[in-house]
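In the block that follows, a single chain appears as structure tokens, in the form predicted on its own.
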């Protein structure tokens, strides 16, 4: 219902938005959610879910390629990809999940208002094609949008954003990816498996610069072993059309030829809902405090739009905190969003995951005990022919406090959640090393790495003593 007064109005229906809407309704607030597109936001429609659907297809191809080693005989081992069918299957998964979100909003009594929302005042919202609505409190959950570089040629046909490539209808023979972050690496894995010759261009000194250096180095090695070309420390100067192909000129004058180019240099906050309000922003993000409140009292901004942690699972928690503070929080009762132990994952295969500090960050704070357990010593990983990888733990030498956990290997996306939970509960490496884990499992490598940080791991050779 539109043209109404609400306790809470949420603008944006992505992970932060729909979680905020549901939480507000659970707390008894009369709630509306304004969304100009499909609910689910970038994650469900143009990000984590559709890419995981494509990655699963790529993993199946990867498994088929290694089937002969396990004695599986395939009469015709040649594999080709029907991209329209791949995209159709991806869209089916997305539609199922977005439909589920819409059902959850309805079940919780949240009014879903279709249209583009824009703040007129802290308590009045204009909605395209609808009457204005009022709100006691507003949750700005506009999420993020694809970042663009001021580089000549980005507008050429065949230069795709991370959104556009999710609907590509053919496998490009040569794909150049600008940006070696999460999206770049995942798309490289996908299209390598599909049959593309992949090149990654990353301006930073290494790919995945946000991850621990050991993790990034191994993922780079795996990509190169599968045929990827990786160029780091160089930016892109321009893109030109040369006949049927695209020509990429790098900063050093080198030229790469491509059939398609993917620009994946990250995302920036979508501030369109701010409207006429003078809200404090920095570098394209809304400034929000630990309570998720903006510089305008009564207006909150959880999720990607504040740039604190641009991850869907972080957005869920920020949304809950924002709504609690909007509806019930006052003084000492206010909640803070603790984002210290938010795990991050790159869904390569094998997966890469991390929580806490990198080794470089940890060593700046003081002496660090390093535990490293290679999966080449892990029985479950070996039986699955997935022994590329490791579990790495960084701990404080005085008390054994876990400072960071970094994993490359099968199931890393699942195991990292155990590490995050233990860190949040302030479990030390001394205690973790004594927690019995099932055998054979990949997750027991977490326990082994903790033991190694203490110099008492029994399943890897002892470290050489100095001198």
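Numbering follows the first chain given and starts at 1. Since we're looking at a predicted model, the values are computed, not measured.
The same protein has a further form, the form predicted together with a small molecule, not shown here; the description that follows concerns it.
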### Message
Heavy atoms within 4.5 Å of the small molecule in the predicted bound form: which stretch in 87-95, 373-381, 298-306, 147-155 meets that?
### Response
298-306
### Task
Would you check, heavy atoms only and a 4.5 Å threshold, whether residue 401 touches the small molecule in the predicted bound form?
no
### Query
According to a 4.5 angstroms non-hydrogen atom cut-off, is residue 43 in contact with the small molecule in the predicted bound form?
yes
### Query
Does any heavy atom of residue 30 come within 4.5 Å of a heavy atom of the small molecule in the predicted bound form?
no
### Message
With a cut-off of 4.5 Å between heavy atoms, is residue 124 one of the residues that contacts the small molecule in the predicted bound form?
### Response
no
### Query
Among 142, 356, 179, 172, which has at least one heavy atom within 4.5 Å of the small molecule in the predicted bound form?
142
### Contact residue in the predicted bound form, from 427, 413, 48, 433 (heavy atom within 4.5 Å of the small molecule)
48
